[in-house]
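Starting off, we have a lone chain in the form predicted alone, written out as structure tokens.
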């Protein structure tokens, strides 16, 4: 077999929209006969490196590989791995992604860890959840479920409810829904709205517009309506007609996506009166044809009485995870080919070396965790303007606004006035967010 170019799935953006749709059709073929593909990946070995608890994600991946005829090795308890001895993630994936395994699935508590694994491993890496950053394979399963239930994705009205701040599943799902021109209604638990960096990326990369939302009564989600927002990439000309005084009225809902409180990533916030969905929720007129979704595990946010409602599809989401992940792994291992073109960007590309300047603001980023020991803090330019430069961390994708530029060897810095950047060679540029940051790094203001 000819050697194929390594592809990773760290972010949902690592697959083009057409590739996602094509993978759905392959997943359908696998699902039609789960027992008929045991020769497709014979001889391949998958390693699951799970440094956070998991049931569905790990077992569905392992089931998918076994059904494809491959083998599985696993590290499912952090205390029983060399990470407990201080081994870096980079070293782990270089060893396991050598003669041990042909593909890696990683779950890790630090944002951006999957990008680190993809950079250091010689074999394909799949992100099974990195901190509160992304969970792209859950998003593939969610999209696949919606696509099968509704027959399309474009134009759907999808309500996201609960903890939208810390849920990595929600973040990946938002990016994908925007790409497919679905409309998003956010009904967060108060204080747990979508993070600004997620909203910023939706606006910047997908031209999503945000308006206040007036949502038809949904019992069980009381108290969230004050923070309701409507996000759409499909009808910007219509949203231009709305003002803050005339919110978008949502009277038809195609799906309600419920999330649990992500207590493992909270910082001691008190959670009372968290949304709890019951039959009254789905009896609302707007939810007549809605599908109730949940990435699982649930805690108390969905009554068990809803399990028998045909509109509740959360267990079907979990079931569809096996054929969906079979399709993904067969593709990344080169056992099936896609006709669709990959995304134009290279999200794994190394960005700008921060040298002694920038530091990612995200305290949960791997560059501020174990990566302090060995990672170069690097960033990608998002937008270059006259007096500032918008960058993002190349690992966790959090934004920074750069207002000062320094000269590495001459140890001076100045504001990003027109012409300043041109006076510093590319290999001598050091970027800073503030003058305080520059002076703390040992730079003096130019001409000072």
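This structure is a prediction, so every number in the text was calculated from the model and none was measured. Residue numbers count along the first chain shown, from 1.
If you look for the form predicted in complex with phosphoric acid mono(formamide)ester (CP), you will not find it shown, but the lines that follow are about it.
A single residue from the set 31, 56, 67, 407 has any heavy atom within 4.5 angstroms of phosphoric acid mono(formamide)ester (CP) in the predicted bound form; that residue is 56. Interface residue among 357, 188, 295, 97 relative to phosphoric acid mono(formamide)ester (CP) in the predicted bound form, by the heavy atom within 4.5 Å criterion: 295. Of the candidate stretches 191-199, 330-338, 304-312, 131-139, only 131-139 has residues with heavy atoms within 4.5 Å of phosphoric acid mono(formamide)ester (CP) in the predicted bound form. Using a 4.5 angstroms threshold between heavy atoms, residue 291 stays clear of phosphoric acid mono(formamide)ester (CP) in the predicted bound form.
Of the heavy atoms in residue 377, none are within 4.5 Å of phosphoric acid mono(formamide)ester (CP) in the predicted bound form. Residue contact with phosphoric acid mono(formamide)ester (CP) in the predicted bound form: residue 165 places no heavy atom within 4.5 Å of it.
In the predicted bound form, phosphoric acid mono(formamide)ester (CP) sits within 4.5 Å of a heavy atom belonging to residue 107.
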